[in-house]
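Just one chain follows, in the form predicted on its own, and it is written as structure tokens.
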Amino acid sequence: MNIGIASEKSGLPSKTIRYYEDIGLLRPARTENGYRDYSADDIHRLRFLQRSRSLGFSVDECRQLLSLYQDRDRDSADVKAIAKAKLVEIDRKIAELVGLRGLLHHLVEHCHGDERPDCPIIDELAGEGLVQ
């Protein structure tokens, strides 16, 4: 099947599919005239990559997971280790966002939001704030 059909079946844009091919995550067959010819296995790999990316895995992590997926002798511990590391990263990002939200909430609450020029939000952005 051509890239348009592969795009429809995988839910990925053609540009992303070409990118995955360029970085070696996918190697579709070629027709005699040089066009890409995607197989059902290629579509399955593309869906695997799409789901992996939607869970926040990086391209390199997707490469590792795809390799493990294709290795029938894999240890599930290897897959779990990658997923656990991603979970730690997500938890760190959530904690960071919660902290940012708290800081911004504090600044918004302490800004008068009127005609006065004094503004703790501007002061904080300028490095002059005394956030408590």
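Small disclaimer: the values here were computed from a predicted structure and weren't measured. Residues carry their position along the shown sequence, with the first being 1. For clarity, a rigid core is taken as the largest C-alpha set superposing within 1.5 Å between two forms.
The same protein has a further form, the form predicted together with a further copy of the same chain, not shown here; the description that follows concerns it.
Residue contact with a further copy of the same chain in the predicted complex: residue 125 places a heavy atom within 4.5 Å of it. a further copy of the same chain in the predicted complex is not approached by residue 25, whose heavy atoms all lie more than 4.5 angstroms from it. With a 4.5 Å cutoff on heavy atoms, residue 69 counts as touching a further copy of the same chain in the predicted complex.
Mapping the unseen interface onto this chain, residue 103 counts among the residues with a heavy atom inside 4.5 Å of a further copy of the same chain in the predicted complex. Contacts with a further copy of the same chain in the predicted complex, taken as any heavy atom within 4.5 Å, map within 77 to 97 to 77, 79, 80, 83, 84, 86, 87, 90, 91, 93, 94, 97. A displacement of 2 angstroms or greater separates the C-alpha positions of residue 115 between the shown form and the other one, with the rigid core held in common.
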